[in-house]
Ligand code: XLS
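This document opens with one chain alone, in C-alpha cells, the form predicted alone.
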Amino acid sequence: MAYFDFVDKVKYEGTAATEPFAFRFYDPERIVLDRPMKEWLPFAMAWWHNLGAAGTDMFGRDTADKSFGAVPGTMEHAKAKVDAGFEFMEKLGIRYFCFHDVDLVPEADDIKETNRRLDEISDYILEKMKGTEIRCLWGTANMFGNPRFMNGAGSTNSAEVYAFAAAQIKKALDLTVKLGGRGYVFWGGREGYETLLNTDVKFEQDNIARLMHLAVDYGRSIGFTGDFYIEPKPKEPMKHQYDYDAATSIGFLRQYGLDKDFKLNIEANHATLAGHTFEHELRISAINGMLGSIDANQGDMLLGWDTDEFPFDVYSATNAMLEVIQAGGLTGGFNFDAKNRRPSNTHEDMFKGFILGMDTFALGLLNAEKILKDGRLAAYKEKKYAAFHTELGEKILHDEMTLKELAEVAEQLGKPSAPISGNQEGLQTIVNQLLFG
C-alpha cells in the first residue's frame, strides 16, 4: 500500500526548480570538500514528530491525520507507521531514523506486554530494512510522558520508578543494538526541579549519573559500540533542568566520569532556549571533543518555548556547518526533530517540511565551503591573535613566564599597545558578499 502516491522520488533539480517535491540545493552525490554531500549530512527522520505528531497543542486537538489507515493505539497502527515511515524515507533518500520506545508501539499497562510489542514491531522494522540503506541513527526511552515520571526518572524520589526507568533503558538499548543504531540518547525531560524547597539536587544528580553508568555497562555488555549522548535543554517541562546547556552537560559528564562514553546531541531550538546560538553550542561541544549528533530544527525567537520548526534560517545553517566541517563531521547525524506547523496538516506538507530542512542545511554546507575556501575569515582570526606569536606571547603559551615576570614586563612597557580590532562588521560584510554576491 502506498501512503504517499502523490510523489515518486524526490530528486535534486537545482535552484530553478518549480516542482514542489524537488531539492533545490541538496544534491547527495555532489562533492563538497572531498566528501559527498550525503556524507556531511546524514539526515534522519524523527519517528515521534513525523509519524506521530498530529497538530495537538495545549489549545486544540489534532489537525493532521497520522492514522495511515489504521486505528491509533493498536499494533496495526504501529505497523502502518512503519510502512509509511519507510516509504517516506525511501522517497526522500533519508538513510536514518530515530525513535523513543513508546513512539514505536502503544504503551501497555504492564511493562512485559509493552516489551512484547516492542519485540514484535522491531522484528517488523528489521524486515523493512532489508534491501534498503535505511538504518537506525539512535534510540532512546521516553521517560517523561508517563505519569510515573512526574518527579523524574533518574532523579525520581521512588526506587520503584527508578527500576522502571532502568527497565525502559535496557529495552531501548536492546532495540538500538538490534536495529544497528549508531548512538543512544538521554534527554532528561523530567530530570530537574521546580523548587529547592523539596529537592536534594546532589542526591538527584548522583542518581542520574548512577543510572547512566548502569546503561553504559549494560550497553557495552551486549555489543553496543556507539556513543551515548546527552541532549542539553535548559527548561521545559521542568523549570530548572540539570542538562541546561552544552557546558553544563560537559561538566556533569566529567564530574561523574562519564566523558569517555558520552558525547552531546545538540538541538538548535534548545540552544536558543538556553540563551545561546546554535553554533555556540556546537563550538563548545567540539572544542571539548564531545560533538556527537544534531537535532536539526529551529525555534521562533518571539516565543519562549520549544516550537521545533523545520529549519529555514540559512545564516544559522551556514554557521552550524562551519562548526561541523571544522570538527571533521559528526559521529551521529542530523535528526529532524521538527514538526509541521499546526495548519500545515497534509501528507504533502510532511514532505515539504523535510525538503525545506534538507535544502537549508545543504545550502548552509555550500556556503560554509565558500567561506572556508575564501580564507579571509580564518586569516583575520589568525591576525587577531598574532600577538601570541611574538617572543613574549610564545613564552606565555609555553608556560615559561611567572606571574611576577609578567608583572615586570608590564612595568617595563608602561602601557600596552592597542589590541587589534575585532573587525566584526567587516567580517559580516565578507560573509554577506560570499553568500549573496
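Source: prediction; values computed, not measured. Residue positions are given as counts along the sequence shown, with the first one as 1.
The next section is about a form of this same protein that is not shown, the form predicted in complex with ligand XLS.
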Residue stretch of 228-236, 317-325, 115-123, 243-251 approaching ligand XLS in the predicted bound form, non-hydrogen atom distance within 4.5 Å: 228-236
Partner proximity in the predicted bound form: Glu281 to ligand XLS, non-hydrogen atom cutoff 4.5 Å: no
Contact test in the predicted bound form: Trp138 vs ligand XLS, heavy atoms, 4.5 Å: yes
is_contact(Glu191, ligand XLS) in the predicted bound form, heavy atom dist at most 4.5 Å: no
Distance check, Asp337 to ligand XLS in the predicted bound form, heavy atom within 4.5 Å: yes
Proximity to ligand XLS in the predicted bound form, single hit among Arg342, His276, Lys79, His100 (heavy atom within 4.5 Å): His100
Proximity to ligand XLS in the predicted bound form, single hit among Asp174, Asp261, Glu204, Asp306 (heavy atom within 4.5 Å): Asp306
Contact check for Tyr12, Glu87 and Phe354 against ligand XLS in the predicted bound form, heavy atom at 4.5 Å: no
Sequence-ordered residues of 185-202 touching ligand XLS in the predicted bound form, heavy atom within 4.5 Å: Trp187
